[in-house]
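This document starts with one chain, in the form predicted alone, laid out as structure tokens.
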Amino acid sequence: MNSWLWYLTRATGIVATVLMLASLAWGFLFSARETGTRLRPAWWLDLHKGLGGLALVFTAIHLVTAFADSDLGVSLATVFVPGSADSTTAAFTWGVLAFYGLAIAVFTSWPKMLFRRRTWRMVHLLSVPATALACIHAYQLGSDAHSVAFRVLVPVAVGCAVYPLGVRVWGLALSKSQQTPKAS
């Protein structure tokens, strides 16, 4: 067993998932509609983009190290083709789909102006299911999935990402209710 590759694969997977959750949370906080003035320093958007980019980098390192560790039995097909794993097919499939969703969300952020705003938002929202799939992948395939730390920290991290989603949805609901004229 190539223990340093196994530890590197495990660590980069954990870091990538945490970065995905942080980027998702920060993106929803950045785009949240608040009543009154919206202050948006430029570094807020930069931080969101940086977290997403770092999540993609750590995911790529995770994939390379998993492939490089011959003891794990991860082939190129397993890395890039959903459903092609020899064992624990569903867990690998969730990871592959999460990688594709993350890559699409990150790579469409740079040429954002080439898309209609509504189209770009719909594509960018792939990051939500991608992050959920990454968490499921970590739970089903991760070696730490049954540890107490994992069972406590993952729900806390997911809650930290879901809270800004609730703020965002609440803000959208408030802005819609303020735009529609009330019948008297």
Partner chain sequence: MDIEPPTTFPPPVSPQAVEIDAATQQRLARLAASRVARTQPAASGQTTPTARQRKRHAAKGSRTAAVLMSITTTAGLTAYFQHANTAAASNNANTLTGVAVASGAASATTAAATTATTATAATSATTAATTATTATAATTAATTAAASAAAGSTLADGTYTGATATNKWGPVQVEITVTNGQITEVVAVQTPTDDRKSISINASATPTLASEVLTAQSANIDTVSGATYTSDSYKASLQSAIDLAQATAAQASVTS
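Positions refer to the first chain, counted from 1. Model, not experiment: these values are computed from the prediction.
Omitted from view is the form predicted together with its partner chain, to which the following refers.
Colleague: Name the single residue among Leu47, Ala157, Val64, Ala132 that comes within 4.5 Å of its partner chain in the predicted complex, judging by heavy atoms.
Modeller: When its partner chain is considered in the predicted complex, the option within 4.5 Å is Leu47.
Colleague: Can any non-hydrogen atom of Leu51 be found within 4.5 angstroms of its partner chain in the predicted complex?
Modeller: Leu51: contacts its partner chain in the predicted complex.
Colleague: May I ask you to state whether Phe28 is within 4.5 Å of its partner chain in the predicted complex, using heavy atom distances?
Modeller: Phe28 lies outside the contact set for its partner chain.
Colleague: Can you tell me whether Arg168 touches its partner chain? I mean in the predicted complex, with a 4.5 angstroms heavy atom cut-off.
Modeller: Contact check for Arg168: no, nothing within 4.5 Å of its partner chain in the predicted complex.
Colleague: Contact with its partner chain in the predicted complex for Leu21, defined as at least one heavy atom pair within 4.5 Å: yes or no?
Modeller: Close contact is absent here: in the predicted complex, Leu21 is far from its partner chain, nothing within 4.5 Å, heavy atoms only.
Colleague: Using a 4.5 Å heavy atom cutoff, which residues in 52-72 contact its partner chain in the predicted complex? It's fine if the answer is none.
Modeller: In sequence order, Leu54, Phe58, Asp69, Asp71, Leu72 come within 4.5 Å of the partner.
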